[in-house]
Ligand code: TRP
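Single chain ahead, written as structure tokens, the form predicted on its own.
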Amino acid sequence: MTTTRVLTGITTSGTPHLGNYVGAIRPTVRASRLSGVESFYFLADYHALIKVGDPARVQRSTLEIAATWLACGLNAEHVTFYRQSDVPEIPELTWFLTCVTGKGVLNRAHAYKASVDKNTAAGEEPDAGVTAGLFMYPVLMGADILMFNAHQVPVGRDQIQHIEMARDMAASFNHLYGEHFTPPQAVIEEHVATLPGLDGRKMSKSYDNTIPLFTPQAHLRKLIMGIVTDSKAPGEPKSTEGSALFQLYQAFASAEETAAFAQAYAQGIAWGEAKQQVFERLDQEIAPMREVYEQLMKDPSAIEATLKRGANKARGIATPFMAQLRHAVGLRPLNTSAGGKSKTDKTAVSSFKQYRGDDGKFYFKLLDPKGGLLLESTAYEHPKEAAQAIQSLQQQGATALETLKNRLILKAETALVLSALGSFSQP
């Protein structure tokens, strides 16, 4: 069965709210359980630096979002769950992509154009207050996606342009240096609701109208009781159309529950009673997760350890892949072949050789395509153990190299070894 790689990130710029949960967190957790899917979930803390100048807020948000994903059921052992800044290959790839991306393409990015239009309307210089980080945001996003050659990226309609830009970057790099990147596809989340906030507008930190996902139960009730409604009295039929309260309920309820609530609207339910029903339905789903979240928040070290394990897993792919890309663009040891640009050249393959030594024990070695020795193992008592070590190196790359470091003797530069391992688990 073909495996599809799916990648999703959340910017660590604030406290997760109900809109984040319904629009991003809940659907991605469900998707992570699908068969035939290899999922990558990351905390986009580099992206947060573009719009947040408060270091404590970035750190706190990183903890809150990681704890939220885990409390909502994300199994970190079944996916690749990592913090963006723990994978140094991502900013390096950002530079590679920067060098093949036209400035004119970035001039057309929605966020940049919106800033320019706003400045122009205010009579200011077009680029007033625009940082290079904001301008280069699409390239960093492209690197996030292309580093792991994600096939699919779930996004809202406002993010489609960034996926198209990532496809352009992949095509430009492949044209210059050979086929390395898979063009990603945007997956539009049409069925995911956009929740209204306390004032009826889209729930957003920029509107200051959010309901924090794991706010204490009493505060959740208070916020829901404060949602803006019209002045219709108890007994008067009420319309579900445009009702923020109804939309909140619908996002958490079953079809049968939603139909019953709509009927209550038609029969003139009092707003206070309607708000109480919304609170109870939301808290029914949130309360068990809130309890887990509160426990996780008490132990940041455990979350840190989880993210570090995820980073090691991510780098098991990123490190050898980056070594391959460095070689492709010409950043390579001076004693290696100068070839490699031709797109028609077939990629040479490294190989493992397992053998029995004169002492009766079992060994293996890794050879480059020309037969050069890259690494060799120490002795194993049984051939199955040696075979398992080879399999780990082929599948996990840098992670296995670190795990098995006491059983291996490197005979070449680490970058060359990683590049060779990358040829076995090419994204």
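Here the structure is a predicted model, which means the values were calculated and not measured. We number the residues from 1 along the sequence you see.
Beyond the structure shown, there is the form predicted together with the named molecule, which is absent from this document and is the topic of what follows.
Asker: In the predicted complex, does every one of S85, L307 and A311 come within 4.5 Å of the named molecule, counting any heavy atom?
Answerer: Not a single listed residue reaches the named molecule in the predicted complex, so no.
Asker: With the named molecule left out here, work out from 27-35, 376-384, 43-51, 354-362 which stretch has heavy atoms within 4.5 Å of it in the predicted complex.
Answerer: Correct option: 43-51.
Asker: With a cut-off of 4.5 Å between heavy atoms, is F246 one of the residues that contacts the named molecule in the predicted complex?
Answerer: Result no; F246 lies far from the named molecule in the predicted complex.
Asker: Might V153 be said to contact the named molecule in the predicted complex, defining contact as any heavy atom within 4.5 Å?
Answerer: The answer is yes: V153 has a heavy atom within 4.5 Å of the named molecule.
Asker: Can you tell me whether M141 touches the named molecule? I mean in the predicted complex, with a 4.5 angstroms heavy atom cut-off.
Answerer: So M141 counts as contacting the named molecule.
Asker: Would G19 show up as a contact with the named molecule in the predicted complex if we use heavy atoms at 4.5 Å?
Answerer: G19: no, not in contact with the named molecule in the predicted complex.
Asker: Quick check on this chain: which one of T98, Q159, T336, T240 has a heavy atom within 4.5 Å of the named molecule in the predicted complex?
Answerer: The residue from T98, Q159, T336, T240 that makes the contact is Q159.
Asker: Taking 4.5 Å between heavy atoms as the contact cutoff, choose which of F279, F181, Y177, Y137 touches the named molecule in the predicted complex.
Answerer: Here the answer is residue option Y137.
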